[in-house]
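First comes one chain, alone, set out as structure tokens in the form predicted on its own.
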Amino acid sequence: MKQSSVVDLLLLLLAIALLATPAFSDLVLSKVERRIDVTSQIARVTKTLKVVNSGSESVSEFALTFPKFLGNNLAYLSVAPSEGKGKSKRTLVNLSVREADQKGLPDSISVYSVALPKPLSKGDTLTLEVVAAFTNVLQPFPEKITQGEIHLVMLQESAQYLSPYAVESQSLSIKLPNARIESYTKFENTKLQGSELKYGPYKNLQSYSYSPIVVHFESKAAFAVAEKLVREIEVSHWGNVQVTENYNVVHRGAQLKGEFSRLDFQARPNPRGASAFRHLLARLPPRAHSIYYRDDIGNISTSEMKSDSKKTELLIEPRFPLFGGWKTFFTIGYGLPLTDFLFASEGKRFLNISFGSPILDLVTEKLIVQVVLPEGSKDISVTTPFAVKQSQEIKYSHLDIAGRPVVVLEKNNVVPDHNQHIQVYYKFSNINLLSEPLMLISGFFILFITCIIYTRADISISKSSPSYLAKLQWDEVLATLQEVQSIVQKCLATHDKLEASLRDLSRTGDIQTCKAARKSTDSLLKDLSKELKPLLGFLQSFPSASHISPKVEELVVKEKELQEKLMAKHTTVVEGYEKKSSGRDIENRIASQQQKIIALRQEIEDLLEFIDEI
């Protein structure tokens, strides 16, 4: 316990410094009862202070002090006067509390000033109920443990109440999670009864009395901390309030040391995973509906919901057990009936809804609440029971024109005690409810009218317009070009048949068959040539075809020249066979003709490709 020894020394120095600090006033605490609850990760301190004015002047303020290491982790503080005793005891409205000026006081304490409901005169008595919640004061010790080890934490406090006023009688009670306690500081009048540790009563304590204690005990509580929580509350005047909560949760207990064994955890979850938490409990409003629980992967089915007339409980089980240092991200969403949360007052509407997370015993390091109001809302104001950072934004959604106003509330170090109701006031005209339906109706009306006009109106180009006539002429030009292409392709096919007859001649030596093929080819080519002449004249008559007709004329000329070369080649080959010349001699005689035929054929192919692109 070397660490605790150092802490004790520091606290002793603190006590010495405090004892030298003067009292605030002549107030005396005739009786102080302190109760510290550490059954969860949050240390909740409840104090009952009986204040007596023993001076000659009335007092209107009361000072609360905390050690600095506790004051830095103070998440929630409320002070209220109480009346009566026992079952008839009742607590009145909370008093105003502010952080006081520490001028003349040591830096090792935090001071808060409480405004009394009325000045306390000489000899008068007032009983105050103080509730404080602290985070990060239960420190894991040891800081790292294996999967099978128990989770131990350490609490540092004072057996005597730190106050700037003298205390006539004081007692302290610490409620622990269970009876398993490793060690605790022992003084006179110290009693351990089961899971409750008691110190005192102590009599006649001077102002700033301080007696440090350290309690080392087992805690099975879920040290679940939301590093960031974004709650979006969207108000729809069509009858629904949609709540979406995005959580970034980490286990802030002792970190896991070594490897995690799923087999050991499944077989013996209690001894082999005591430091992990497997589920969280969210307490939603009673008429919550359309509830979902998902993460980035998708919907998480390992959840359970129970509801009755007073509440709706959602048992959230992450995809994996969370050990110390492990994180998880998930989203909870649900709808609420508008009539349960929206009210009217003095010409304004106001949303009355809880501020914090519905998850029990969750500590939130940074909470952002976004209240999305309907489009057209104005004169917006917010009422909160504690200080928060406020701002406004604009959010655009479907069918929005000007956007929806968004009230953004931010607060750090939030605990379940902050889960109180806030009120968002705004003005909204019911006429704005008709804007989106009218937009939809108008949109469909315009669509139907457009379809009717399109189907019934004649939007074709006038047949007498120059553009229409030019289009007709161009269509005729294209049709003529296609005919020219078709005739030339037929000519080329006829040429191929003539070449085939020569190959058959070299194979069979049948001269008469070859001459008959020549005769039929001549007749077919003459007919095709007659078909080309009127097409050429037709193209030349159109000004729009002036850049095309030269190419077509060149194509016809090249094809005619190719016919002549093929005929000359055919005549030479047939004569050679009639004179019974050798095959080599015939090839030598037609070699020059064959080269010209190949070149002409390539030129014709290029011209056809040019026309095809047009």
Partner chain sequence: MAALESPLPGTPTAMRNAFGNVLSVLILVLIGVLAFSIRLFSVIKYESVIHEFDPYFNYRVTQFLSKNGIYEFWNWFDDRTWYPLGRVIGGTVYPGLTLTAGTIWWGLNSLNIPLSVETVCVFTAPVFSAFASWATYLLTKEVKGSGAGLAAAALLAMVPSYISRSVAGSYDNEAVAIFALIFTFYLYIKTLNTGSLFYATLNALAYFYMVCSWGGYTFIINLIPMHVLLCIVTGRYSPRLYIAYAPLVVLGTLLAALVPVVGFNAVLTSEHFASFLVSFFSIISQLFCYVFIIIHVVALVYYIKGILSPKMFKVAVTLVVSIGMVVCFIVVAILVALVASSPTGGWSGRSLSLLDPTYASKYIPIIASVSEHQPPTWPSYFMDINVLAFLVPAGIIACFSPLSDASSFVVLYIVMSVYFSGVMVRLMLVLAPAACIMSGIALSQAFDVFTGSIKYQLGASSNSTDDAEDNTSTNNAPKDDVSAGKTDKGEEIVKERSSKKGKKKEREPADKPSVKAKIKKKALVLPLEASIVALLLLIMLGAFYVIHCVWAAAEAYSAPSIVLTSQSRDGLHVFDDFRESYAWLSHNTDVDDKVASWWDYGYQTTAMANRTVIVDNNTWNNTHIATVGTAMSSPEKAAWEIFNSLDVKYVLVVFGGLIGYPSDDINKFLWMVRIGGGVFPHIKEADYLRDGQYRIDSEATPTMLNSLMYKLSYYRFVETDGKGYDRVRRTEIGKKHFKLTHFEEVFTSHHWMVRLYKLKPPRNRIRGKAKKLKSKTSSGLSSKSAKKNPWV
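Numbering follows the first chain given and starts at 1. From a predicted model like this one, the values you see are computed outputs, not experimental measurements. Whichever C-alpha set is largest while still superposing within 1.5 Å between the two forms counts as the rigid core.
Another form exists, predicted in complex with its partner chain; not displayed. Remarks below refer to it.
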property: Stretch in contact in the predicted complex with its partner chain, which is absent here, among 198-206, 325-333, 71-79, 532-540 (heavy atoms within 4.5 Å); result: 325-333
property: Of 99, 124, 129, 182, the one that lies within 4.5 Å of its partner chain in the predicted complex (heavy atoms); result: 182
property: Partner-contacting position among 346, 308, 496, 379 - heavy atom within 4.5 Å of its partner chain in the predicted complex; result: 496
property: Contact label in the predicted complex: residue 429 to its partner chain, heavy atom within 4.5 Å; result: no
property: Residue 214: touches its partner chain in the predicted complex, heavy atom cutoff 4.5 angstroms; result: yes
property: Proximity of residue 294 to its partner chain in the predicted complex, heavy atoms at 4.5 Å; result: yes
property: Residue 260: touches its partner chain in the predicted complex, heavy atom cutoff 4.5 angstroms; result: yes
property: 4.5 Å heavy atom contact with its partner chain in the predicted complex for all of 274, 562 and 565; result: no
property: Residues in 302-321 close to its partner chain in the predicted complex, defined by a heavy atom within 4.5 Å, in order; result: 319, 320
property: Residue 61: Cα shift of 2 Å or greater between the shown form and the other one (core-aligned); result: no
property: C-alpha of residue 311 off by 2 Å or more between the shown form and the other one on rigid core; result: no
property: Residue 485 C-alpha shift between the shown form and the other one of 2 Å or more, rigid core reference; result: yes
